[in-house]
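We begin with a single chain expressed as structure tokens, specifically the form predicted on its own.
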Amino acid sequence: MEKQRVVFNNKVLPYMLLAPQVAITLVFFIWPASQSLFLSVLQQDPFGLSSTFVWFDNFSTIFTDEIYRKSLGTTAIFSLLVTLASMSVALLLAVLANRVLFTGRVYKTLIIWPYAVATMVAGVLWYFLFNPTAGIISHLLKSMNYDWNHGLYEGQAFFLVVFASVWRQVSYNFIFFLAGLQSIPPSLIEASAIDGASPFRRFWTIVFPLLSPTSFFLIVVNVVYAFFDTFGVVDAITGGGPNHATDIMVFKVYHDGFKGLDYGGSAAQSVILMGVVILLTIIQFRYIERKVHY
């Protein structure tokens, strides 16, 4: 029996269906990006009353700034830790959840819940839990003779923003890993078990390669999350301190632009940030995708 194709004779309908998405892309991406490119070559006064065309002086200034160079290194380490930790923990929880029979729904629901929390709320939550004066966790640490004060110690501040960011993102990764695990045919696992393969070998040689499309997708998403969506966590917990220890690139764009009133330098930083993320995405699709087994 020949399948019948559905044909819409209205030539305007496809453009009408695409119009909302195109409009959103133009308003919320193309227009802000073009404005950032334009402002990055200008030097404005703090009140925005006058501007001077300075070519690439804003870029040369920020690259000679020691604080900005430190921000680049902080962002690289931060994004790497957040991506690896959130994906590793999520994969472990997904494997455990995939084996649960009776309490599976409750277990899965409790893990998914943190994703409903906004990044700013997650930052405030962990800020109060680790508050040096009234935090429950900091009180427990002090009872064990450990001096906790993320407002003074750089290592503690960096650990806390990484921990809060990972906690927020684990739920998202868990959903996709669990869906990927449940799509693997049980017959493949059973056949390898009959052949005498250990649980670790079954996971490493069968399950993990079949999860490579999901893992590749999550790598791209988590890198973007670490570069952009973690702003709320950093702003709520440390505000970039102490001593710029948690001053990641996206927070520095906000701080220099809205608090330092350096609009040209902030726009130049946003252009660099956008270029870095685009470059990382191209590298991921160019090299990492080759190892993906669809």
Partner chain sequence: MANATIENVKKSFGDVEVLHGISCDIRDGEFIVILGPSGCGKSTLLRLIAGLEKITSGTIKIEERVVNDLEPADRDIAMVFQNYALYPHMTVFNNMAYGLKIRKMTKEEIRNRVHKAAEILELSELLNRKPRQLSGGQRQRVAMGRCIVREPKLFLFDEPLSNLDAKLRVQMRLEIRRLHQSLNITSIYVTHDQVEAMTLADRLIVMDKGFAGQIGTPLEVYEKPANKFVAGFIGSPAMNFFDAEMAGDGKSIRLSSGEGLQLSGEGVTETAEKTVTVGIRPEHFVICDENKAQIHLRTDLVEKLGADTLVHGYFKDNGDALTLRLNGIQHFDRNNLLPMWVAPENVHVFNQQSGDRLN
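Positions refer to the first chain, counted from 1. In this text the structure is predicted, and so the values were computed from the model without any measurement.
Below, we refer to the form predicted in complex with its partner chain, which is not included among the displayed structures.
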Inset, instruction - Please check if residue 221 has a heavy atom lying within 4.5 Å of any heavy atom of its partner chain in the model of the complex. - result: no
Inset, instruction - Indicate whether residue 194 is a 4.5 Å heavy atom neighbour of its partner chain in the model of the complex. - result: yes
Inset, instruction - Using the partner position in the model of the complex, report whether residue 155 sits within 4.5 Å of its partner chain, counting heavy atoms only. - result: no
Inset, instruction - Consider residue 190 of the chain shown here, and say whether it contacts its partner chain in the model of the complex, taking contact as heavy atoms within 4.5 Å. - result: yes
Inset, instruction - Would you mind picking the one in 205, 143, 88, 183 that has a heavy atom within 4.5 Å of its partner chain in the model of the complex? - result: 205
Inset, instruction - State the residue from 137, 210, 76, 93 whose non-hydrogen atoms include one within 4.5 Å of its partner chain in the model of the complex. - result: 210
Inset, instruction - Look at the stretches 125-133, 110-118, 196-204, 165-173 and give the one with heavy atoms within 4.5 Å of its partner chain in the model of the complex. - result: 196-204
